[in-house]
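Form predicted alone, single chain, as structure tokens, below.
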Amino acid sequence: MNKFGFSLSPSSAINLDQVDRTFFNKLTEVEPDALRCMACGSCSATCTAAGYTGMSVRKVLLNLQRGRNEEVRKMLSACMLCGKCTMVCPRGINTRSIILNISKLW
């Protein structure tokens, strides 16, 4: 067999029918703005912590929707609650409130 200098990585596909979304559903009951996020990345672009820690409100919401709660906990520990993400959100989502409500629900 020929070696072409690359290898296949395991699939990262997520079966959304098997994901436990109970935590995300609890969040949307308290903070319905979480459903309005269009994952544009404006929050990530302005986040002070993102360049050093990988913190991103966009990734937090996507990981909650995918049932990856442990990754969310790690990211939220890096958030400084500065509010820059709230100021640049094109949909006017209070991302700071979402982060605080996630912390309260845990």
Partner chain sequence: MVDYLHPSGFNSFIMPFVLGMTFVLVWCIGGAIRVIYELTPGDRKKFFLSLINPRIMAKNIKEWFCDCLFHVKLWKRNKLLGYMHSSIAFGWFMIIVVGHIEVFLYTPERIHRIWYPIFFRYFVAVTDHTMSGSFFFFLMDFFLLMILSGIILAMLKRAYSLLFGMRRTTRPSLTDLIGLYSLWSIFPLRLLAEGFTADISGGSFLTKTLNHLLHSFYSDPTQALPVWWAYSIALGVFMFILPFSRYMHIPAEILLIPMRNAGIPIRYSRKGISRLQVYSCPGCGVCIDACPLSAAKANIKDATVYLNRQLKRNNKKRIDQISDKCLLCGKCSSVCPVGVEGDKLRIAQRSTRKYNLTPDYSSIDGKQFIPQGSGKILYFAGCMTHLTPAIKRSLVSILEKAGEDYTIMDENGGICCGRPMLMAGRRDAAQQMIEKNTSIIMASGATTLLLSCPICYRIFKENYKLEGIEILHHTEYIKRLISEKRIDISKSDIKFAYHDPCELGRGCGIYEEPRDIIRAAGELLEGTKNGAESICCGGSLGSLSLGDEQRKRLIENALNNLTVASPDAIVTACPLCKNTFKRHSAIPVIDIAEVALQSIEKK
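Keep in mind the model is a prediction, meaning the values are calculated, not measured. Positions refer to the first chain, counted from 1.
Keep in mind the form predicted in complex with its partner chain is missing from the figure; the text below concerns it.
- Relative to its partner chain in the model of the complex, residues 53, 81 and 84 are all within 4.5 Å by at least one heavy atom.
- Within this chain, residue 22 is remote from the site of its partner chain in the model of the complex, having no heavy atom within 4.5 Å.
- Contact between residue 88 and its partner chain in the model of the complex is found at the 4.5 Å heavy atom cutoff.
- Contact annotation for residue 37: none of its heavy atoms lies within 4.5 Å of its partner chain in the model of the complex.
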